[in-house]
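Single chain ahead, written as structure tokens, the form predicted alone.
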Amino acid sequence: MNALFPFLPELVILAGALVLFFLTLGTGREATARWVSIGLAVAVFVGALLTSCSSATLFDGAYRVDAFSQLLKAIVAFGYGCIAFLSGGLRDIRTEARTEYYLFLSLSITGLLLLVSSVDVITLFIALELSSYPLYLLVPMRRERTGQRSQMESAVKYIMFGVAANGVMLFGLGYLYGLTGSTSLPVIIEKLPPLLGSPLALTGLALTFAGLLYKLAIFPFHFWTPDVYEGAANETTSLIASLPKVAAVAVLVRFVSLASPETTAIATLLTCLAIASMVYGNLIALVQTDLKRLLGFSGIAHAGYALVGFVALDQAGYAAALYYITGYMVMVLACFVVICHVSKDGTNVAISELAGLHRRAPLLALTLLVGIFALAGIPPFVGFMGKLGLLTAALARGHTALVIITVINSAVAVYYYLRIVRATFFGETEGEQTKIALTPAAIGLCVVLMVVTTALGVFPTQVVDAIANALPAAIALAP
């Protein structure tokens, strides 16, 4: 029994997914499925904390439990719980598919949990597919409306771009296997560094990044993002916009750590991707009127910010990137809590529809204010401290031009974020608007997200230290 203890989070989520599967065999069980999902999230979170000091392997070392993986599992479980609470009504999901919605949600989370522990190319790819395919099914579950079938178009784009990105990634992994003769990341880490000067090794790494950069919505793998955000149900978009990015950054750490700070080719590639993502995302977001599309283009820019930490190619940069993407998960979930409750019958929310929100639902307006200020990088919230950590790590390695470009992009982003704040607190309303009633669960979720967003910004040292202490297990991958 002790041998299974390190794998407690995985065992819990697999058992919960089985329970959810049996619930789908009946009808009208969506409320039960929701509470099972919430219980699962809590159990996985507790299990990850209890096993944070454990170390074990499976499948001849292809799957590894260590401090790094358990920390990421706790973060993913927290996000899973927030999404399960947020998905109370599922007003825009077809009634007959609501129980299945929670099943596919749990399966996607299972893939993300497996992904952060995968230290072999084969297990990593399987986990990546397990986390992706349920999302492909969740997008078209949105209820059809007269003259609107955008969810189908979004699902097709999501699948096609995902398959293409995974194919490119497999091609790159094939190069790495050919160069090192192994699919094990510890062996690749040992054999690849002397070969990084060769074009073949650099090409293999660059192509391998494709699948992970697709998850992060990095330019030029971003094309699916705004359409999927707009076409998917609000609850589905909240998942796509948050948790996969955390897992993608975690896996990206394992691959980017193959390069040393002296590997200028990798640093140059990451710099170009970061700049392109920031500039493209922020400029296009300036003209958006749909709130989800704005957050989609904003997410492209924030993925570029996260890459700034990777450009340093050292432990400080990786820790800053993981801290930032964790903060981004909380910030964007705070915004989607508001979207889900402001939305009329599950429809998309235009920025103009936020007018008078401070009178209709003061708590939602405050939650949105905290989330938007954090995304804009305004102190004392986590967005400010996250950007500061990224810029410090990049500047320490001499990437001054990248730091300046990042600061300029952050200033540009403030403009469209303040548009949201202006609409919320100073927008003109037409006629009498009804107040938005909040359930106790929604009130609690708003408070938790505001507290976490603020606490991560006010007390960043504890979180960054925890990430930094866990990082050697991910970078060294010692047997």
Partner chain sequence: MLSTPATGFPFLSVLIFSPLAAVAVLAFLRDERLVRWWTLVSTTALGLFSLALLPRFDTTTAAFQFTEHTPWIARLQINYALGVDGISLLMILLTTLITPLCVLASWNYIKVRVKEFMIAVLLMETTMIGVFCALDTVLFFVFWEAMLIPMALMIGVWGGPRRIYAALKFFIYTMAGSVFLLVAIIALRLKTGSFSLVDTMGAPLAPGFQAWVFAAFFISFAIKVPMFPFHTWLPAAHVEAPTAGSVFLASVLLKMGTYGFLRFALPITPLAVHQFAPYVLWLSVVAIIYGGFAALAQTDLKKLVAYSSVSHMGFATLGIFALNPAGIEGATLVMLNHGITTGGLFMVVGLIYERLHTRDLAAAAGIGKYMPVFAFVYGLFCLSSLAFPGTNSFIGEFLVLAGGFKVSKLMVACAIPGIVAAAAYNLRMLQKLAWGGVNNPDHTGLKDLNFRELVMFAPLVVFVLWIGLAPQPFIRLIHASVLHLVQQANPAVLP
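Predicted, not measured: the structure shown is a model, and the values here were computed from it. Residue numbers count along the first chain shown, from 1.
Another form, the form predicted together with its partner chain, is not on view; read the next lines as being about it.
With the partner omitted here, the residue from V287, V187, I408, L170 that has a non-hydrogen atom within 4.5 angstroms of its partner chain in the model of the complex is I408. In summary, among the residues P193, P220, G178, P379, the only one with a non-hydrogen atom within 4.5 Å of its partner chain in the model of the complex is P379. In the model of the complex, V414 approaches its partner chain with a heavy atom inside 4.5 Å. A residue is said to contact a partner when one of its heavy atoms sits within 4.5 Å of a partner heavy atom; V464 meets this definition for its partner chain in the model of the complex. Taking the partner from the other structure, its partner chain in the model of the complex has a heavy atom within 4.5 Å of a heavy atom of T392. At a distance threshold of 4.5 angstroms between non-hydrogen atoms, M385 is in contact with its partner chain in the model of the complex. The stretch among 157-165, 102-110, 392-400, 270-278 whose residues place heavy atoms within 4.5 Å of its partner chain in the model of the complex is 392-400.
Taking its partner chain as it sits in the model of the complex, the stretch 342-376 comes within 4.5 angstroms of it through a non-hydrogen atom at H358, R359, L369, F373, A376.
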